[in-house]
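One chain follows as structure tokens, the form predicted on its own.
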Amino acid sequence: MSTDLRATPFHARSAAANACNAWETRNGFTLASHYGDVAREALAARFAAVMVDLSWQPRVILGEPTAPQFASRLFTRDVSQLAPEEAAKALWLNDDAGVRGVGTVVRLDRETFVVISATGDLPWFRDAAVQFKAAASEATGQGMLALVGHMSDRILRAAGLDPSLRPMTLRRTFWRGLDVTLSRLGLGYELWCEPDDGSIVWDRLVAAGRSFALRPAGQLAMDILELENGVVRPGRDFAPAGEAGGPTVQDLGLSDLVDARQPFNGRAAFRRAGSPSRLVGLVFDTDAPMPETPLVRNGDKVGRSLGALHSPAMRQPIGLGVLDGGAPDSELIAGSVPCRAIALPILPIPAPIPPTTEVPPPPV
């Protein structure tokens, strides 16, 4: 297996901005962990906007005329019913109903879908595609830059892009000489570009964002924002299943991403696995996060925590948890630490400011 590290299309600009030289590796890509202050970067998304390099996230292309039939059996939702340029969150399971992955499935056109996730699982997709005479391949090289925060609409308009997109949709467009795709699939917007255009895209957003306090943010700040918004990510919050066993949908509180009426791989085992559980937010009464810890109520184990991090906005540790039942607003014990279960999202990103609203000047 190759151990070579790869650079994203935005690496040159990210390296110039990363004065503290803080790096990490995800999916074989070198990425900025932070640009000097993780807390400031996470908070900036709430008061202005940040841009984060998501090019490391694997993208698998499903194609051929049989791709809709293949996709309808592969995922826990019938994504074949999506219109072109629409998207949905979905899972894919092994035969034992273990969760191999959770991600976003986008229908690009009548015969083509793209799966975006923290875990690509390309060999499994390829093996499954053979049964349907479909094709699965990796989309390589393309850049993806997230723009998150309530000033994101304003920044896109200032850059000459139309931000009027519904959530879970995308639009391919020609932007001042560049072929790009603008989407709303996550916490804000995503701008997809060709590999050679990364520096131009970065520079245009930086120039447009100067009046709106735009700043780059690293992967650690994005982890915090995702956790605050209730996003479950493989690799951070759970270890994906292999060919057998693994965490079930119920283990992860992800039953909302399953349509049990829909035929999908692992459906019989999913039905045998038990009743739906509840994914909740957790607020810990301690200085340290408590990931992967049993949750107890009145002496009885009622669930467990998943990922947990410190939230700068809330000034305390938070996390995601799975409860076997009961109301989310309840007092629990995580290990020996009191915590409270609350409905998700724990702390949503403020909505973009409408164009008719007067924007205050950026702080000096």
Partner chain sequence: MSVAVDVAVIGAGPGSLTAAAYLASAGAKVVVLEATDVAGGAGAAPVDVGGLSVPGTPATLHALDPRVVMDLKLTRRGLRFSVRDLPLVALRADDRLMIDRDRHATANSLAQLSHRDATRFDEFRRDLFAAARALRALWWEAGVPPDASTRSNLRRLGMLSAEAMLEAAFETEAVKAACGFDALQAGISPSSAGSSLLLAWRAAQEMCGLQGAVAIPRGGGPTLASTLLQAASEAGVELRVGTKVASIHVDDDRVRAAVLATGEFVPARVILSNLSRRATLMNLLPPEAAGFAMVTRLRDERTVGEATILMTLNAVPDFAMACPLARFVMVERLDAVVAAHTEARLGRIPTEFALEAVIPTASDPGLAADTTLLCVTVRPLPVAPAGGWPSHVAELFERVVQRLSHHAPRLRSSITGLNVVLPRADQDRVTAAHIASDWPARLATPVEGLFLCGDAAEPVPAVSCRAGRLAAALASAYLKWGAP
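Because the structure is predicted, anything quoted here is derived from the model rather than measured. Residue numbers count along the first chain shown, from 1.
FYI, the form predicted in complex with the partner chain isn't displayed, but the following is about it.
Chemist: At 4.5 Å between heavy atoms, only one of the stretches 166 to 174, 190 to 198, 103 to 111, 129 to 137 reaches the partner chain in the predicted complex; which one is it?
Modeler: Looking at the partner contacts, the answer comes out as 129 to 137.
Chemist: Which residue, Thr181, Asn265, Asn229, Ser80, has a heavy atom that falls within 4.5 Å of the partner chain in the predicted complex?
Modeler: After the contact test, the surviving option is Asn265.
Chemist: Just to confirm, with a 4.5 Å cut-off on non-hydrogen atoms, which of Ala146, Leu74, Leu156, Ala221 contacts the partner chain in the predicted complex?
Modeler: Selected residue: Leu74.
Chemist: Heavy atoms within 4.5 Å of the partner chain in the predicted complex: does Asp95 have any?
Modeler: Taking the distances in the predicted complex, the answer for Asp95 is yes, it comes within 4.5 Å of the partner chain.
Chemist: Does the 4.5 Å heavy atom contact test between Trp124 and the partner chain in the predicted complex come out positive?
Modeler: Taking the distances in the predicted complex, the answer for Trp124 is yes, it comes within 4.5 Å of the partner chain.
Chemist: Glu243: heavy atom within 4.5 Å of the partner chain in the predicted complex?
Modeler: Because a heavy atom of Glu243 falls inside 4.5 Å of the partner chain in the predicted complex, the answer is yes.
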